[in-house]
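The data below hold one chain only, encoded as structure tokens and taken in the form predicted alone.
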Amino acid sequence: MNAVTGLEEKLRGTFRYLAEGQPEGTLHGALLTSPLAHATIRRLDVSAARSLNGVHAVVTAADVPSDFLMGTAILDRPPLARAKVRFQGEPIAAVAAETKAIADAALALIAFELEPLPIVSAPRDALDEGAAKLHDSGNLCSDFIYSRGDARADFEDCAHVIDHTLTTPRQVPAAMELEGGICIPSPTGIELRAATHSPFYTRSLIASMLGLPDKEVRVIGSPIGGSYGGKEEIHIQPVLALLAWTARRPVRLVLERSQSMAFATTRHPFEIALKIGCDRAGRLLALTADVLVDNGAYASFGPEVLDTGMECIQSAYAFKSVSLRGRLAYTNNGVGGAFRGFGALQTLTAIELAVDILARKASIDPLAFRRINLAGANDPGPLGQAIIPQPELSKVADALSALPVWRDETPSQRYLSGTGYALVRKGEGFAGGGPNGASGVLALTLDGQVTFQSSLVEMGQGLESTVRNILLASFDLGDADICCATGSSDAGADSGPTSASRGTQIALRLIRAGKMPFLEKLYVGAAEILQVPMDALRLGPGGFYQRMAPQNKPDLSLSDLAASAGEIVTRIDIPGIETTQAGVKVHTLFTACAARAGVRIDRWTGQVVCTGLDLLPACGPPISPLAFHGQMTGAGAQALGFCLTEHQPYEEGTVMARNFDSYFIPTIADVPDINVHPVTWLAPDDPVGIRGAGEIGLNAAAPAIANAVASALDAAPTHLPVRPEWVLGVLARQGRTP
């Protein structure tokens, strides 16, 4: 599917997910999930379900190798609960049957007994010595400790010191496409069509579980109908593959929304306690941070989320000394995982709120305060690591200060208005030790198209249109001469996960690295066929032209070249951009962004409305302006949800919101005008030349909105999302109620 067709299909409502268009004879898959959040599985009898007419497979943990577990840094999650369940909605068994009605009947025939265990619902309680253990290793999943300088001594030298705490919400990805897919078995392997950020990783994991060679597992992971990180971790693919391999029939398994709300990974709630101080001139001296994270029942990406959040907690500022502590606790509250912003969103929002509070205490304009404390272009990274220089930080600060002043259009004394700012940076790609390198293929295919093949996936972010623009700019060809083949293990080269804002820069670097070797092969083949020297030819739309005999059509078309020379292929491998630092996983490449937000607060109801949002991302020149703008405006909408409406509550391990009638994502009516002002300048010697747009807009927008609320109320939020009852309480304490 090319990018244009995909866009047209989405606009017409005919876009098809991977779980649609199943082959004839496909079975219906269904899950039996735990009604309890924490329990021992005392009995699980599936014999009656297996004997039901029309049932072709019933699988449990007994059908999975006993040593098979899922995870990233920590392998701790079985695809089907083994011995005990750790969150409400965890799969216990799965069936594949001729129809949905038969599958539902089979689930009803499964006899199981769960013996309740104590619920661990609060991360602070989870770390108490007497708390029930979710895992044999205890409830501390991961921790983070870092210090630089002497914060205690530097606080004594501060003229102004503030303390601030912030609790952030559990945000649900809320993608339109639910977790699911189709798996088609063959005599020797399977084809798995299910959304994934990393087809090769998924292939390796499924092959390991089924005991198959990697080459016998084909994974198609693209296009994705929205992910935002929620489909980065393995989700339902192992159960789906196990059902199809057991039944020896194609199986389709797609979760219902109520199942997804309990099963899907969510953004981690953070409890952040900050103390920062500055001297009389407003220069930041010291920062201490104590961060506690609710990880949910399994590790997933939790350790990496914690590490990234702690790395970003200094934002774009230079502190003389810091003392950082972070802990990640297992609880029975679902499963926290990757989500756009990836830990940095939580800590950046907290530090940007604290910076504004401190600026007001020091009687310094918040924009001037940020400028005073901006990290230097050639300074080390936030954890002391060597990084690619960031001279663009000052350009972003200049652009933020140069924005035209908003007019206060508050309609009456009933309303309060406020303006908030943020200037942040976040590491791009993966920290040291992650899958930072990548491979790809440039090929002239037999149908005469120059094709970029990679396992990078299209998930609505505009990757395919961006890659096509890179190809057009690189090879001076026509639109019909190029093709983008992405998102499956057929690519022949593992490009790594499409996450951490790395997709565009990886594609650009791969094509840039492979361009000259690939062109040389094309020119050699064309020169041999036309019997002319290579320097007598030029490549243009449609094929090769002789320089000394110009005409309107090529002397050798790309299709004729392919027909004569066969497929011409160049494999490309690029190294990772990373810094090695003993004991701490750090990033080398950082992206900067500033934001300004306006809010209006109703003094009668406590309702907060965002009235405007400016985003100033320093990502270099946008390769696909429409896709770039879409990434930024979508980030702004998600920032609204994070700050003002979204939170998935749990009560004693029970998920409270099962649909969008009780979990409130912003609608188009809630989203203000979002103006994107790209800061296109990067240093001429920048080794990458662009930055990814996937996360940074959200990371700047949310703290700007939170600071706008603080500006309007003269009180910084301590809990997100901002609730009307909190607003009314603040106004009452200030004597500002109507």
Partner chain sequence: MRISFTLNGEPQNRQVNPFDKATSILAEQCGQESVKTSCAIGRCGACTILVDGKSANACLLIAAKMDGTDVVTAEGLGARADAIIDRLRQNGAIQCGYCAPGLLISLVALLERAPDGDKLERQELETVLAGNLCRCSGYTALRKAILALSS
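Numbering follows the first chain given and starts at 1. Just so it is clear, the model here is predicted, and its values are computed rather than measured. The term rigid core refers to the maximal set of C-alpha atoms that superpose within 1.5 Å between the two forms.
Note that the form predicted together with its partner chain isn't included here; everything after this is about it.
- Heavy atoms within 4.5 Å of its partner chain in the predicted bound form belong, among the stretches 83-91, 634-642, 416-424, 464-472, to residues of 634-642.
- Of the heavy atoms in residue 189, none are within 4.5 Å of its partner chain in the predicted bound form.
- Its partner chain in the predicted bound form is not approached by residue 377, whose heavy atoms all lie more than 4.5 angstroms from it.
- Not displayed here, its partner chain is approached by residue 176 to within 4.5 Å at the level of heavy atoms in the predicted bound form.
- Although the partner is absent here, residue 20 sits close enough that one of its heavy atoms falls within 4.5 Å of its partner chain in the predicted bound form.
- Checked against its partner chain in the predicted bound form, the candidates 544, 518, 228, 452 yield a single residue with a heavy atom inside 4.5 Å, and that residue is 228.
- None of 679, 674, 712, 44 but one reaches within 4.5 angstroms of its partner chain in the predicted bound form through a heavy atom, and that residue is 674.
- Taking the partner from elsewhere, every residue among 171, 257 and 339 has a non-hydrogen atom within 4.5 angstroms of its partner chain in the predicted bound form.
- Within 4.5 angstroms of its partner chain in the predicted bound form, the stretch 652-666 places a non-hydrogen atom from each of 659, 660, 661, 663, 664, 665, 666, taken in sequence order.
- Relative to the superposed core, residue 13 undergoes a Cα shift of 2 Å or more between the shown form and the other one.
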